[in-house]
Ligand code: BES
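In structure tokens, one chain follows: the form predicted on its own.
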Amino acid sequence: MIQVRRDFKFDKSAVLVLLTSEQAKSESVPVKDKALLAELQKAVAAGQFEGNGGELFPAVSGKKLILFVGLGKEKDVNRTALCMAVRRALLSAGLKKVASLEILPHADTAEDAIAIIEAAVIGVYAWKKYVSVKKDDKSVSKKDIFVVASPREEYSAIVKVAENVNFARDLVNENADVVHSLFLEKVVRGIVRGKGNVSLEVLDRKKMLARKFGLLLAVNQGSNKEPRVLIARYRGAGKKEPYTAVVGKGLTFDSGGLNLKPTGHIETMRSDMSGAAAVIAVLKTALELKIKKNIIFACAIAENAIDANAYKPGDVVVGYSGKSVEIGNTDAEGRLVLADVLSYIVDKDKPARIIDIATLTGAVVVALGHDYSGLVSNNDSLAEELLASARATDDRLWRLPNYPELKDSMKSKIADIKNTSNWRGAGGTMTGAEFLRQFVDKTTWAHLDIAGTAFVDNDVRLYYGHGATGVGVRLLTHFFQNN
């Protein structure tokens, strides 16, 4: 449980976590409680604590435990740094067995409170479903956390969004043979069940054949799993209000197909449905927060596996749009499943705007690393709105260009378009996005490439531990709340 309360209680059952910058060495540290200030000054005077970044110092006052947490120089304290510091404190050995604690921010601002909330929910998340619990482990995983700050109405929504970030992470982290298309269909049906303002369209293989979803079906034809397209149409505003569509790539596992992924890359390919997981989590959030927008939530779900029926490099496949596509590489499959769903929604629903989110290219990792997702758009206003939401949520984006000459990079000699670029590996994120752009007609569109940000395969990145990050959930929720 996480609550924000104005009163500083520090009762007998609680541990106090005090966040402070290097102001701890000065008289201006913003601690009003005299007893607590005295303890802080004693620690500083003894040279045990200075407020440096990454510094943790436990102190005992009577029978109460205080954990002083250093944030570093005041000018360097921001939302990300706060989140990282609080995460470090909550995961420290001294707090493992603690069931209840208070966190006192270094300043009473919304930024501080939100960072603490997200650290307490997103930062301490760990996928432990298959880890055996030791009998002598006294750790308390679910804590009562009280953030001392001026209450704001938005904080309860922040908690909900953070919880749904973790909901998306659970979907991605689970085994690929558990989270297949039918599993995700069941999840979405559970989310929308009983809700009067949302309808669900489910396309199975038979319906996709009838609608000529040739690209998505080609990707899935080497798998023994059923493909699915899930489309939830949510009405949070009036009938005359336009719809925005968001489409998530849902490759429940991506072997690369006959262009097999190598060791070192294939092991985390259950994360190739991170776009769909984000879309499902944002649908859940929109219903819970009653977001006042009309939104279409769509997931293109398939598995890129290998058997005798797998699609092959050199094949030409025709999709829903009627365009023929030369298959240059079977590992460029995400753009194929998205192309069918994007063109279907543009044709049937005619949304005012359409956004896709996908673990699309390794090239985005080369370009932007692991802390920024790539953004490509055909509309400056939409791009700036998404960038503003990225800045507001710390779900980071960096815009890459889209320009007319990119169309030439995707030309084929034997089909209307090719799923790989003629640029021999250059500009892969932009050319992958250009392929998608050619299936949205003239609709205002944005593409979010989350291949570098969706999964942490080492120990920690920023305030995320190993595994899925739930990227896109905070970003898209904020976008729909504000645009």
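Worth saying up front: this structure is predicted, and the values here are computed from it rather than measured. When you see a residue number, it is the position in the sequence shown, counting from 1.
Quick note: we don't show the form predicted together with the ligand, though the next part is all about it.
Chemist: Just to confirm the contact call: exactly one of 98 to 106, 226 to 234, 158 to 166, 247 to 255 touches the ligand in the model of the complex at a 4.5 Å heavy atom cutoff, so which is it?
Modeler: One stretch meets the cut-off, namely 247 to 255.
Chemist: Going by heavy atom distances of 4.5 angstroms or less, which of A89, A363, I295, L397 would be at the interface with the ligand in the model of the complex?
Modeler: It is A363.
Chemist: Taking the ligand in the model of the complex as the reference, which of A310, M269, V202, A352 has a non-hydrogen atom within 4.5 Å?
Modeler: That would be M269.
Chemist: Using heavy atoms and a 4.5 Å limit, would one call A451 a contact residue for the ligand in the model of the complex?
Modeler: Output for A451 is yes: heavy atoms within 4.5 Å of the ligand.
Chemist: How about L184 - does it come within 4.5 Å of the ligand in the model of the complex, if we only consider non-hydrogen atoms?
Modeler: No, L184 sits far enough from the ligand in the model of the complex that none of its heavy atoms falls within 4.5 Å.
Chemist: Taking 4.5 angstroms as the cut-off for heavy atoms, does A119 touch the ligand in the model of the complex?
Modeler: So A119 does not count as contacting the ligand.
Chemist: Taking heavy atoms only, is N402 within 4.5 angstroms of the ligand in the model of the complex?
Modeler: No, N402 stays farther than 4.5 Å from the ligand in the model of the complex.
Chemist: Residue by residue through 404 to 430, which ones have a non-hydrogen atom no more than 4.5 angstroms from the ligand in the model of the complex?
Modeler: Going through 404 to 430 in order - heavy atoms within 4.5 Å of the ligand in the model of the complex - there is one hit, T420.
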